[in-house]
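Here's a solo chain for you in structure tokens, the form predicted alone.
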Amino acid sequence: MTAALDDIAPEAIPQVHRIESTDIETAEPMVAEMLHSVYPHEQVYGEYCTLHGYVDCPPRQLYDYLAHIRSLEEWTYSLRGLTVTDTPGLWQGYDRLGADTEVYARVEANPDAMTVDYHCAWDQGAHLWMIYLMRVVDAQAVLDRPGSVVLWTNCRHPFYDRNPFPAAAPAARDGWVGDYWDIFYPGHLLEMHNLKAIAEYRHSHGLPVTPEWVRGA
């Protein structure tokens, strides 16, 4: 029977630590070294921006709300005016953070895993490189209480540091979406609070969590 990692010599990947190669006495100080009372901002938020939150709303209803792309006009801070384009699945709207900045977006949702990924970009719709990865988890399974846990991650694509389509930018706009990366976490946390407040209000008042206008009706 083939054993785990039989195809790789241990000295080839010394950075892999398993109990077979690194005993507990050796591993404990290694783990302790990874813990700090203070973490540099770049270390925490440099390459990824991840946040999470609890929403007192049934997970399937919350997933359904997020899976409709027009929900972004309600719970995001500045994305507005989404309308369908001639390209199937592609929507165009405006990000009010930037002067007359067009945003293009499509949603990829998986009802079985309750994942909702928004693929977006400023200025053009040919390359949607700003990807917002979201997952709705049944809070009963992970917190032993009704409701939902929302997990949300953004990855720092290289285009955040340089605009790949400068000719498409509106003349009146001074900045670029990447200029906001350092405040992505608090900015997205504000939006997470919006999502929580909206979904919880509708659910607690017997309203459809996804209103008809969001469904496109």
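What you are looking at is a predicted structure, and each value in this text was computed from that prediction instead of being measured. For every residue, the number given is its place in the sequence shown, counted from 1.
Although it is not shown, the form predicted in complex with another copy of the chain is what the next lines describe.
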Q.
I'd like to check something about M134: if you look in the model of the complex, is any of its heavy atoms closer than or equal to 4.5 Å to a heavy atom of another copy of the chain?
A. yes
(Q) Is D86 near another copy of the chain? Define near as a heavy atom within 4.5 Å, in the model of the complex. (A) no
Q: Mark A168 yes when one of its heavy atoms lies within 4.5 Å of a heavy atom of another copy of the chain in the model of the complex, and no otherwise.
A: no
Q) Would W176 count as a contact of another copy of the chain in the model of the complex, using a 4.5 angstroms cut-off between non-hydrogen atoms? A) no
Q) For the stretch 174 to 196, which residues lie within 4.5 Å of another copy of the chain in the model of the complex by non-hydrogen atom distance? A) D182, I183, Y185, P186, G187, L189, L190, N194
